[in-house]
Structure formats: C-alpha cells, structure tokens
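The chain below stands alone and is given as structure tokens, in the form predicted on its own.
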C-alpha cells in the first residue's frame, strides 16, 4: 500500500497490533490510516511520545524486488548517505508479534525453575522463521554489493544498539512480502532528535534470552528496558528496587554487579536474601525514602498507574535517582488517560526518557530514562522507619 500522505511515516504498533496506537494518536489529534494489521500511516513522526508505538519508519517508500539479489541492488541505489559518517542498517520481516508472555507465565516459569526444565513460555514472538531468514539474506547480499562497489559506506556501517548519536543515520527495510517492502532512510541528526520514537532495535523488538535462574519472569522487562534505553546497569551502581519480591529485577541488577536496596513487605527468595550485594528493607514502596541519591530507581509494583506515576515524579523532583525503570500497570481503557499525563509530568524532569509497551509487557507500559534537572528545592529524607545506611 503506497503512503497516503506526502513524506508519510509508517508506524509499527506494539505487540503487532495497531488498535491501541490508533486510539492513542486519535487522542492527540494525529491523523492516521491503517496500512495493514499492526501498521499505520501518519503524515509525519508524531510530536508526542506514544506508548503503543514499537518502531517508526520516517518518510517510508514502497519498493518491490523479485529476488534477494534484486533487493540488494535496489537498496544500494537508494543509499544516499554522507561520506564517512556512521550509519546503521535494520533489515527485518513483518512481525507476527503477540504479547509473548501470557497469563500464568510466572507460575510456569517458577515450575521450570524448580524442575530445571527448559525455559519456554507462550508463542515465540517476532517474524516467521522463513521471512526472518529472507531478511537476513537480503542484508547479507547488500553488504556484498557494498563491499564490491561502495566500500566507503561499508566501512562506516555501525553494528551497535547504543543510543543514537547526532552523526548517525539509519536505513530500515521492512519486508512485508517476499517481493514487497518499505524503505526508510533517516539521515543524521534526525535519529538522535527522534530517539523517543525511533528504536535502536530492529522493528523495535527485544525479547531477552530465556533464563531459568530468576525467581520470576519479571526479569525480562528490565533487560529489555536496558536495551531500549541504551544504558546498562553497571558494576558498582547502587539501585533501589521498590516492590522487589520475589526478586526478578533485583536478580538482574545483582548479576550486573550492582548493589541493591530491595524494599517490600515480603522477603525475596532465599538465595537473593543471602546475596552480599542485597540489602532488604521491610516496608512500603510508596512511603519509603532513600538515605541518599542512588544510581537507579526500579519499580514493578502492582498499583494504580496514577499512583506509580506520582511516585516517579516525587523521586525525580527530589533528585533521589539518576536513572529509572518503572512499570505502569493498566487496568484497561480506563487508565489510558494516565499515559497522556506522562508527557506533561515528565517533560521537564527527565531527559532522555521513553514510554513504551515492551515486548515483555502485557497490560503494562514501561517508563525509563534519566533525570534531567537538579531538584528545584533540596528535599532530604526524614529519619524514620525504613531508613538504611550505606551498603
């Protein structure tokens, strides 16, 4: 389907669906047309972050090619990029992405962890194996053409998931049929300017490898948020895990070499409680305050989204954490207006920051990013129950 708007952007909906994204754009007054299930056309990249947007292809154009070699030739002809400047290449097939982790996944994961069986849950998300293989062959063929004829472009090609820099461009090919696709070339410095919409991951999809060791499937959310963020929890970092039990997020942070203050009314699993890098505080996630600034705030607590958003705003205003990963649990359409409040409430407090429904989310939206401003007024935690000293 050719773009219905001049210079149109092609948007990929979270979970391979477009209904929630279409409704979100409608609330923002953005025109959109359905291209196919999971895909929308808009006149340009939306001006506001969209929670249900997985990836954007700015100024997408339809291309057709009968073979893999023909695809490589076509792409090579369209690569008009600055000499010597770094660029990235994402070639991927149309997804059949569903929410990959179904209800009951925690219980299934716990059973697998206990029994030592293979860690697998639900259907495998992402492109079909055949189309994914074709996309990989097209990418390989294009690199062969560049090696033979345009070595300067090949030398400048970057293979990384790091955050966008002002000097980088992005070339994307979305394959929707063996002989049909959409090409988008986003030249520098645009990728860095629209980083809240343009994922560093092909198709905006990240599904962490299965791991039977964590006490819950929640670990997948934090790992995926790290990749989308382009910032990894580092050895020596200090973080607070609010509502930590049974310990999926604390497990990831401890594996990264961080020190963790885990706050919950219930203890974590015994092996985490015994970890030398963990300090457990029995208390309420919403009333506990840190004794000092920490590197990370992690919060995956089950609560009304407006309450969790208020908690995050509190922490950012007070300057209690440099970076954050926070889950907003949605109770259906009634909570969608809360997502519209996120932009207004975080806009002056965080930069960069993202709001998106992760591949690992179901009925949830994740907020992650870095604190932007120093607190307007000094706010220190008052002595009281739940206060802890240095780890």
Ligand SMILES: C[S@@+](CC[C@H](N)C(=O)[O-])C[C@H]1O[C@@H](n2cnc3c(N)ncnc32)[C@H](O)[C@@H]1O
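Keep in mind that this is a model prediction, so the values were computed, not measured. Numbering follows the first chain given and starts at 1.
Heads up, the form predicted together with this ligand isn't pictured, but that's what we're talking about next.
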- Selected contact from 177, 274, 209, 302, since only one has a non-hydrogen atom within 4.5 angstroms of this ligand in the predicted complex: 302
- Of 218, 203, 75, 321, which residue is found within 4.5 angstroms of this ligand in the predicted complex when only non-hydrogen atoms are counted? 218
- Task: Indicate whether residue 247 is a 4.5 Å heavy atom neighbour of this ligand in the predicted complex.
- Result: yes
- Task: Answer with yes or no whether residue 160 is in contact with this ligand in the predicted complex, where contact means some heavy atom within 4.5 Å.
- Result: no
- Task: Using the partner position in the predicted complex, report whether residue 264 sits within 4.5 Å of this ligand, counting heavy atoms only.
- Result: yes
- Query: Do residue 290 and this ligand come within 4.5 Å of each other in the predicted complex, heavy atoms counted?
  - Reply: no
- Query: When this ligand is placed as it is in the predicted complex, which of 193-201, 313-321, 278-286, 167-175 ends up with heavy atoms within 4.5 Å of it?
  - Reply: 278-286
- Item | this ligand in the predicted complex - contacting residues of 318-345, heavy atom within 4.5 Å | 329
